[in-house]
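Listed next as structure tokens is one chain, alone, in the form predicted on its own.
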């Protein structure tokens, strides 16, 4: 089942002015339910415009359609606010949107606007805080007293607390150190597995999408360039490099090993998979040496 399906999506900014610019051109894409989907593309490829289409912040030009679990989100324009509870969008650097007195109030803002009971709001706040690694002792603090990484987690928790069916994250780990990136992505992955919902991660980092995404969609100049599993997409190293993206560094490293006569498998794009493959070769080499020694004896 597809959580989101975009049909014939075109969008032009500043129509009929000297600044007219078509950001999306007849885009057709699907994002599978219950999976972590990656959306990648160079700066100016149309990613931000596309994700704003997904939760109704922007409306596609006719005859474009955005289908949420098979239903056009613009069938009832007066109910578009409800779509934004079902499709949660976290913008890049969401910590700039924090405004409440305490972390708890900031995380609770969305659920309160949904008209939920106090008990349900509290449950969701505590649950979302746990997913992103916010200690309960921090909930009473002002978000402005926290570190940059902690602020990012509070902002993410605020959208997670609404428990959207689709969670869209625009560069969720931008500007964070490696530990912070791992904590944020680990929380996102844990959230997705527990809730069994759909996550769409927008990123420039090939390493991040390789490690955490099940499927990838590549945008180039407002159009779909590639789509498929990570393995299928990363086979197109030349095309990805030409459009300014490239592939994970570990994929390039493994390709160079193959080109230099080392019999490593193709289609490796994560460090963990590369480690497993190198250990396999070392074990194979040890076995062959022992067999050779036994024969000589």
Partner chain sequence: MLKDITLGQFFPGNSALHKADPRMKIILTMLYIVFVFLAKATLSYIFVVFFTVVLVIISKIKPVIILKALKPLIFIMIFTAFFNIFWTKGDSTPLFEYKFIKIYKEGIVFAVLMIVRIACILTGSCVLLTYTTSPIALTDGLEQLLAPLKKIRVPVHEFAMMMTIALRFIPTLIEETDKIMNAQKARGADFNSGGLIKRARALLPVLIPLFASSFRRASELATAMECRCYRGDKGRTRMTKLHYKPVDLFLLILMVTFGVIIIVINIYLIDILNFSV
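Positions refer to the first chain, counted from 1. Everything numeric here is computed off the predicted structure, so don't read it as measured data.
A second form of this protein, the form predicted in complex with its partner chain, is not displayed here; the remarks below concern that form.
- Note on contacts: among 190, 142, 72, 97, the single residue with a heavy atom within 4.5 Å of its partner chain in the predicted complex is 97.
- Put simply, residue 222 is far from its partner chain in the predicted complex: not one heavy atom of it is within 4.5 Å.
- Contact check for residue 84: a non-hydrogen atom falls within 4.5 Å of its partner chain in the predicted complex.
- Mapping the unseen interface onto this chain, residue 185 falls outside it, with no heavy atom inside 4.5 Å of its partner chain in the predicted complex.
- Within this chain, residue 172 is remote from the site of its partner chain in the predicted complex, having no heavy atom within 4.5 Å.
- Three-residue candidate spot 3, 30 and 35; no residue lies within 4.5 angstroms of its partner chain in the predicted complex by any non-hydrogen atom.
- The partner is not drawn, yet in the predicted complex one stretch among 157-165, 126-134, 191-199, 214-222 has residues with heavy atoms inside 4.5 Å of its partner chain: 157-165.
- Residues from 87-123 that approach its partner chain in the predicted complex with a non-hydrogen atom closer than or equal to 4.5 Å are 89, 91, 96, 97, 98, 99, 106, 109, 110, 113, in the order they occur in the chain.
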